[in-house]
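A single chain, nothing else alongside it, follows as structure tokens in the form predicted on its own.
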């Protein structure tokens, strides 16, 4: 099917299904042109998807783990074969640079590789607990589950959940962001080509009302969500009030603590890349640099590196006109409150793409901890610099944040790095790494207001979320009276 200038359809029971619901225009954020429309589906479409997933579950869950992973072996190969097409699709609907979009696809492949390793990781446990008595524990899938994914990684974030949840025997309803529905359509087509049975994977497009319906539906056993903290709290509260499992990942305000002994060029490169990668639209982006004592030489290099980033060339667009306005509003507010703009990304335009949504790299110095740019998630290529006297003050700034997704320290001292690792209140920590994303099998997930629910969304930790334990006790020896089961 054509993916540009198209009316996006739901994918239910192995077929694309046109919705009669109202639609939103689908915009290419690089130039502001309309590339299609996406339906705001409701209860009827969701019910059809849930019934499809429920119908497919008995047969799919009865397959062995090794049988299910064979489909994802083939699917991983298809991702590789179609990597250029899928990369360009992310560029089209999200506005990333080509290199960023391709890196996203490579990460999706890695997530599939972990999923196909699950037969080597997920083992049934069995033990003779008393003479003639065995206890066995098995991992069993939950049933139909739902995943709600954001706009910033149209291909990768769906792969945080699709491979593991399905390989473990669940069936799924995916609701992608209404800003970036196109990548998921190709995911559905390639999964079917790989041999995934109809009904195991379904896509329903929509907005707020659809999210509420997913949280409320009695036949959806678990919900995962990735998005803002404000919405993550609502989704978690609503889903768990319906007695279903929920893991909701929210926003972030990641602090990069820079010590005077840090390698100056490496630190400047990493901090700027963390700030501006994916136009700052990622929950692992550097939001605040906490400069300890005299780090002016590093800040000077950061300014030089930031000015090398050119919107439309090596810096992608933000997702919408509203996002551009909001990000530039934070910069202006900081300036009005007395902060110093070292690099100003406001009013960025790209020749021949004047309708696009671009914000240039922005470095704001002399920021106070009480300013909005220091406290709130901006989700753009903007970093605020807070200057402190010592490590205790730096840790106090980091610990005061409501968020706890990630933090990093830049230093050449192992002892100081260890101290900051131990004292930082964040789920993912980097040392001389601006974006400390764990690689499989290590899981992704933050603390505090960056995550609601138990466990993490990827890696080994996800196994607990997508399965439940079945315990069986077996006795084969009627003559033996020496055990407590007699």
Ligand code: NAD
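Keep in mind that what you see is a predicted model, and the values were worked out from it rather than measured. Positions refer to the first chain, counted from 1.
Absent from the display: the form predicted together with the named molecule. The rest refers to it.
Problem set entry | Non-hydrogen atom within 4.5 Å of the named molecule in the predicted complex for each of 57, 138 and 169 | Negative, none of the three is within 4.5 Å.
Exercise. Counting only non-hydrogen atoms and a 4.5 angstroms cut-off, does residue 206 reach the named molecule in the predicted complex?
Worked result: Judged by the heavy-atom cut-off of 4.5 Å, residue 206 is in contact with the named molecule in the predicted complex.
For this session: Using the partner position in the predicted complex, report whether residue 384 sits within 4.5 Å of the named molecule, counting heavy atoms only.
Result: No, residue 384 stays farther than 4.5 Å from the named molecule in the predicted complex.
Problem set entry | Distance check, residue 231 to the named molecule in the predicted complex, heavy atom within 4.5 Å | It does: once the named molecule is placed as it appears in the predicted complex, residue 231 has a heavy atom within 4.5 Å of it.
For this session: Spell out, yes or no, whether the shortest heavy atom distance between residue 41 and the named molecule in the predicted complex is within 4.5 Å.
Result: Because no heavy atom of residue 41 falls inside 4.5 Å of the named molecule in the predicted complex, the answer is no.
Problem set entry | Partner-proximal stretch of 76 to 84, 122 to 130, 141 to 149, 194 to 202 relative to the named molecule in the predicted complex, 4.5 angstroms, heavy atom | Going by heavy atoms within 4.5 Å, the stretch is 141 to 149.
Problem set entry | Candidate from 226, 111, 246, 298 lying within 4.5 Å of the named molecule in the predicted complex - any heavy atom | By the 4.5 Å criterion, the partner-contacting residue is 226.
Problem set entry | Listed residue that, although the named molecule is not shown, lies within 4.5 Å of it in the predicted complex (heavy atoms), from 94, 161, 405, 287 | Only one option qualifies, and that one is 405.
Problem set entry | Contact set, 415 to 445 vs the named molecule in the predicted complex - heavy atom within 4.5 angstroms | Residue within 4.5 Å: 444 only.
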